[in-house]
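The form predicted on its own is given below as one chain in structure tokens.
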Amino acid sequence: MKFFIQSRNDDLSNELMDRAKTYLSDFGLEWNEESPDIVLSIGGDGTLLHAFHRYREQLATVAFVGIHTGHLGFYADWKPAEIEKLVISIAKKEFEVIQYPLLEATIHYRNDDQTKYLALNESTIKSPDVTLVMDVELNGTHFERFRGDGLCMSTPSGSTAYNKALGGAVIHPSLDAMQLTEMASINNRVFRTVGAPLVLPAHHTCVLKPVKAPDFMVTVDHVQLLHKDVKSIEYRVAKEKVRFARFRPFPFWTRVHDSFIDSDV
């Protein structure tokens, strides 16, 4: 088995990386940065996001596992003290691979070019200078004209991140869906939006079409880019999935409870 380790590059994460690399090599596993079978992310959820985008062209063959060296995350679920236990489980291949849905975002430009992205958590769109005005189409049919600060489309596993801060629902990652949430929409007697998050199934598409300015700030997970002369932005549940190596039960709702309510109750 081939492996690679993505570190957050702080002292503790680098120390754990060196230990894990030595242990796994002693068990006969091969360090392979180009085409690993399993990627250990040591840091936090942000570190795993970097690892995901690093290997986004190899998602069909790469499995991820996270070790947190800060706050407990939704992706980084192993503790530093468990590094030896984790290494032994990897070496003995005592794990199963589970898959979570991803978001596909396609930016269509006025010159008919396009750029396609995959998101593990979410994609957002904002106007750089003025109020965002977007026509929202669902499955080719006009749904609403949005006016406000911006829009966020998230995956189920990303529903606990920015989406939740915007008032979106928390969705179990076993569901193939995506969720559209509003950022400070303008609602009065003249302008109206649905004013609630929309949970869309895998066979639906959502297309955003600019009404005024064609330039937008678009984020895909941790990456933010200015896109000019945009004709439309199309979102759908991606055909690709992210693969995680699971070595023990990972109750999603327990993690939600421990992260947002109280781990001591």
Ligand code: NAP
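Position 1 is the first residue in the sequence shown; the rest follow in order. Fair warning: this is a prediction, and the values are worked out from it, not measured in the lab.
Just so it is clear, the following notes concern the form predicted in complex with the named molecule, a form of the same protein that is not shown.
Only one segment in the set 190-198, 170-178, 118-126, 142-150 has residues whose heavy atoms sit within 4.5 Å of the named molecule in the predicted bound form; it is 118-126. In the predicted bound form, none of the heavy atoms of Ala51 sits within 4.5 Å of a heavy atom of the named molecule. By the criterion of a heavy atom within 4.5 Å, Pro210 is excluded from the residues contacting the named molecule in the predicted bound form.
Within 4.5 Å of some heavy atom of the named molecule in the predicted bound form lies at least one heavy atom of Phe74. At the 4.5 Å threshold, heavy atoms of His222 reach the named molecule in the predicted bound form. Contact annotation: of the candidates Ile107, Ala161, Leu86, Val136, the single residue with a non-hydrogen atom within 4.5 angstroms of the named molecule in the predicted bound form is Ala161.
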